[in-house]
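To begin, one chain is listed below as structure tokens, in the form predicted alone.
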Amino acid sequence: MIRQAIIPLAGLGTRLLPLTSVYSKELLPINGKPGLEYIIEECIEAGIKEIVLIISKKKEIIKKYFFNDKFYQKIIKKKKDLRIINEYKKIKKYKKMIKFVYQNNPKGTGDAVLKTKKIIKDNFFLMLLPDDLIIKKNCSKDMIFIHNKKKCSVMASMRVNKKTVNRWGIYSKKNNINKNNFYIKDVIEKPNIKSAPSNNAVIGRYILPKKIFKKLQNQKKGTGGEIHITDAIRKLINDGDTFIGHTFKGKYLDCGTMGGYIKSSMEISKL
């Protein structure tokens, strides 16, 4: 049973400058709602009971967003506005589920995951990357369903343009399970176009085993000088751990670039 989810939020958000020069990208509104709330709602709908947010001291505005009770109480006392009351109730609900850990030096996603080692209790946990929104279908819920059947790790997959494989972690397949799922033979972080084993890319949804922390403790820096979660996953696969790639049915939105951020608002406004 997957009860905990982690969401790395300590990144600098440089691709969304100048918006992120004073504000956290995860709180930027997408069709009137902070992007982070879409991720939290996905977790709740998937049955997650506890969410670990990985932030830095520079991004404590995220913590304040969930712990700004006095502000809401003061406004509600004056206005009695039903919309504001409902928003405050929603945030209080989220707050009860959330824990915070800190990654003050942005050393990569693998390092961010390692910061949660003392909090993760079960043998498997869910990780979601906030730049990757998947709408119309709950990818996390579908992945948890597969995990419950196969009792192994699961990662989201999407076909990308072959010319862009050097932006992604890329899978090589062992064999198909069914139309939407396959066993993973290997995964490579940001390969060049010639060496990429496929154009099946890792998208920001992972069900990972707790044992990955042991790999991350000794993980060396990889591409771009960062500690990549993909490299630790690759070691687990080489050790014989089973990983399934899940080709999700929802629509993918990249919120990590300015163009993608604008497009995301437009797409969600159509729902």
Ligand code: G1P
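Keep in mind it's a predicted model, so treat the numbers as computed, not measured. Counting begins at 1, following the sequence as shown.
Separately, the form predicted together with 1-O-phosphono-alpha-D-glucopyranose (G1P) exists; it is not shown, and the next lines address it.
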task: Specify the contacting stretch among 46-54, 234-242, 217-225, 199-207, defined as having any heavy atom within 4.5 Å of 1-O-phosphono-alpha-D-glucopyranose (G1P) in the predicted bound form.
output: 199-207
message: Taking 1-O-phosphono-alpha-D-glucopyranose (G1P) as it sits in the predicted bound form, is W168 near enough to touch it, meaning that at least one heavy atom pair lies within 4.5 angstroms?
response: yes
message: When the contact criterion is heavy atoms within 4.5 Å, does E189 count as touching 1-O-phosphono-alpha-D-glucopyranose (G1P) in the predicted bound form?
response: yes
- prompt: Using 4.5 Å between non-hydrogen atoms, is D142 touching 1-O-phosphono-alpha-D-glucopyranose (G1P) in the predicted bound form?
  reply: no
- request: Answer with yes or no whether F248 is in contact with 1-O-phosphono-alpha-D-glucopyranose (G1P) in the predicted bound form, where contact means some heavy atom within 4.5 Å.
  value: no
message: Using a 4.5 Å heavy atom cut-off, which residue among L129, I184, L114, V101 comes into contact with 1-O-phosphono-alpha-D-glucopyranose (G1P) in the predicted bound form?
response: L129
query: Hey, which residues along 10-42 are within 4.5 angstroms of 1-O-phosphono-alpha-D-glucopyranose (G1P) in the predicted bound form, non-hydrogen atoms only?
result: R15
